[in-house]
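Form predicted alone, single chain, as structure tokens, below.
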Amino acid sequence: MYYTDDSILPENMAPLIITAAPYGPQWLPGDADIPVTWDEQVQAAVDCYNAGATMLHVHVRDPATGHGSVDFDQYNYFIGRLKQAVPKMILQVGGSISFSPKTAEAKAKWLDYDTRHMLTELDPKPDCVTVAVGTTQWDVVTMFTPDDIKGTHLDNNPKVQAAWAGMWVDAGPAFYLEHLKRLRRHRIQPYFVPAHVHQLELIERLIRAGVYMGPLNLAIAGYGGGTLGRNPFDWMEMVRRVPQGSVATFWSSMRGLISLSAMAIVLGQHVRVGNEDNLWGPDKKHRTSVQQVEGAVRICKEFGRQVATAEEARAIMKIGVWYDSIEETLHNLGLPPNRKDGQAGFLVWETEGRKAVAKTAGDSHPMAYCMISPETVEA
């Protein structure tokens, strides 16, 4: 993103979009404020929305077991409930879900990736589905401290910690090329999650090849262990590299998320909070997902930036918008055009060739008047 002199002023920033992630699929009931019954899961969305969140990162728990659901029908049911309870909220379903076939016929029919491609066939449709581009080690415990997991099922449980440490996100071309195609067919927008700048480059190549044509909404993922860590210089490089017309959200883990959320807010970016990523406040005491949303709102207001309404969030992210050509996509994202045959040099968009009229008295710096007399200035 390109920062002009006035970009850093809060009144010139787009209103803050807060994503709530209150379903904590890696945690068990009792680890945190985990909703289990259908009513509790719906109420979590309502409470986060009322606190200021305008996007919901959706996972589903099977109320009968308390564990994360892999039942396609349960997701359809829950999304239907959410659309009734929080109709204005942007619903973004987690892309790591693999549905479990219920019958022998389904098991024989579904290929490995079909269990994930079924996300594109949810009914009612969510607004977005998270999409990873590039296979990545995703060791979510690598940056945890003993305090981070105190009182949870990970505490003093090396086998479970090792299982999470060995997690990989399988997202090679065989997956994401087909997944993006199916999402477009069903008019569900992808919500990209690059783990580092090289996956951001993959996304740009997909855009330049016409594999994806539409607005670019993404969350910069910083869990460490194969994804971005907490070095601020790396986050600044990600912000520098994302296209001017994209919408970027900062996303990290545990108390590191608090500092990175503050960075996002003052840089004009957006935030994701909730028990999926963090269980704590700066005082090392438990913070519920709603309290974390309220904390982001408080920081935002202290800085002087506005918090987005649901209508504003949809407009900023261009929910429901699609482009029909590579050129339209590149132009709307603020990326340079593709190179034409024989074209040399750095690329810019062609214009009609007319010279722009310079603004009168554009330089207001006092030193600009040092070569003319005070009388002329006063006149």
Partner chain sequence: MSGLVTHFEIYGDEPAKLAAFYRELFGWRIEPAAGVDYWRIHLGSPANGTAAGGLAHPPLPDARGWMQYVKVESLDDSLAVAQRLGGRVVREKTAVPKTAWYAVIADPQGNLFAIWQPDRTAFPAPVPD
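Residue numbers count along the first chain shown, from 1. Everything numeric here is computed off the predicted structure, so don't read it as measured data.
A second form of this protein, the form predicted in complex with the partner chain, is not displayed here; the remarks below concern that form.
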Discussion item. I'd like to know if Pro15 sits close to the partner chain in the model of the complex, meaning any non-hydrogen atom pair within 4.5 angstroms.
Written reply: no
Discussion item. Taking any heavy atom pair closer than or equal to 4.5 Å as contact, tell me whether Met143 reaches the partner chain in the model of the complex.
Written reply: no
Discussion item. Given that the partner chain is not shown alongside this chain, does Val348 nevertheless sit within 4.5 Å of it in the model of the complex, heavy atom to heavy atom?
Written reply: no
Worksheet item: Do Lys150 and the partner chain come within 4.5 Å of each other in the model of the complex, heavy atoms counted?
Response: no
Response to the item:
None of Glu178, Asp71, Glu294, Glu237 but one has a heavy atom within 4.5 Å of the partner chain in the model of the complex; the exception is Asp71
Worksheet item: With the partner removed from view, which of 317 to 325, 340 to 348, 43 to 51, 59 to 67 is the stretch that lies within 4.5 Å of the partner chain in the model of the complex, judged by heavy atom distances?
Response: 59 to 67
Worksheet item: Judged by heavy atom distances of 4.5 Å or less, which residues of 12 to 30 approach the partner chain in the model of the complex?
Response: Pro25, Gln26, Trp27, Leu28, Pro29
